[in-house]
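Read the single chain below, which is given as structure tokens and is the form predicted on its own.
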């Protein structure tokens, strides 16, 4: 598989759902990769792979939400579309707050899913172009104050405002302000994008 060719990755513990997805995606010329569990997906996932991720929110073992949080910490910016059952709306809202691209409540129309996939794949392509601009990222990093640098480091370690406030000995409100400035100066939409930016810079300069 070429990382430049968008792949629709589907993680669902129901083999019937996976097979139906494969057929649907094939019918419109989209390549797919299917996984029965979050663990199986993580074992083979490469952040460089473009496309999008279709994820069942409820799964045995690692749930869809837990997988999303793990991907955020790994700096994976792949757009996530959650499939949710009846009564899962609060979980879907939480997923959106953590940067999910969209969610669909089962049962859904094939066309609704395909429309969302198309938007997600387009968004992924745009995002990857932006993240590849290392010169721009470096300039953003250099625009940060010393304190914003500290906040950025702790944010990309997955720490919440309260933990960062404790580490730096300031109030959570102060961290909220610094955090907003870091996101604005870095032109990042999510923590995952910040992590990815930092990883891009590290990979560019091994001795950095």
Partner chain sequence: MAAAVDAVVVMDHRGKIQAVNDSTCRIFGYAQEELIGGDVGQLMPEGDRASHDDFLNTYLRTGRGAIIGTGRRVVARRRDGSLFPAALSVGRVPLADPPRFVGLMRDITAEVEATQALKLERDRSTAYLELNESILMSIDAERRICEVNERGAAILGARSHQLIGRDWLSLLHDEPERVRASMMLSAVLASGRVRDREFDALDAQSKRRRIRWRCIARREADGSPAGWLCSGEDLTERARREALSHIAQQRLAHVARLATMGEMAAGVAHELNQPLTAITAYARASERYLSMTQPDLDEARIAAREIAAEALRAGKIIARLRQLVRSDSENDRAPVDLNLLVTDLQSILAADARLYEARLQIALTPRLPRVRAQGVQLQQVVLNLVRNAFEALLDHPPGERAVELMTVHAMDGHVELRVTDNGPGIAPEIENRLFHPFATTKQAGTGLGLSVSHTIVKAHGGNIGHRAAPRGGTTFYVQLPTIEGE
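Positions refer to the first chain, counted from 1. This structure is a prediction, so every number in the text was calculated from the model and none was measured.
Not on display, but discussed next: the form predicted together with the partner chain.
For a residue to qualify, one of its non-hydrogen atoms must sit within 4.5 Å of the partner chain in the model of the complex; all three of 20, 106 and 114 qualify.
Taking the partner from the other structure, the partner chain in the model of the complex has no heavy atom within 4.5 Å of any heavy atom of residue 133. In the model of the complex, the partner chain stays beyond 4.5 Å of every heavy atom belonging to residue 39. At a distance threshold of 4.5 angstroms between non-hydrogen atoms, residue 27 is in contact with the partner chain in the model of the complex. The partner chain in the model of the complex comes within 4.5 Å of no heavy atom belonging to residue 200.
Of the stretches 178-186, 142-150, 27-35, 40-48, only 27-35 has residues with a heavy atom within 4.5 Å of the partner chain in the model of the complex. Contact annotation for 36-58: residues with any non-hydrogen atom within 4.5 angstroms of the partner chain in the model of the complex are 56, 58, listed in sequence order.
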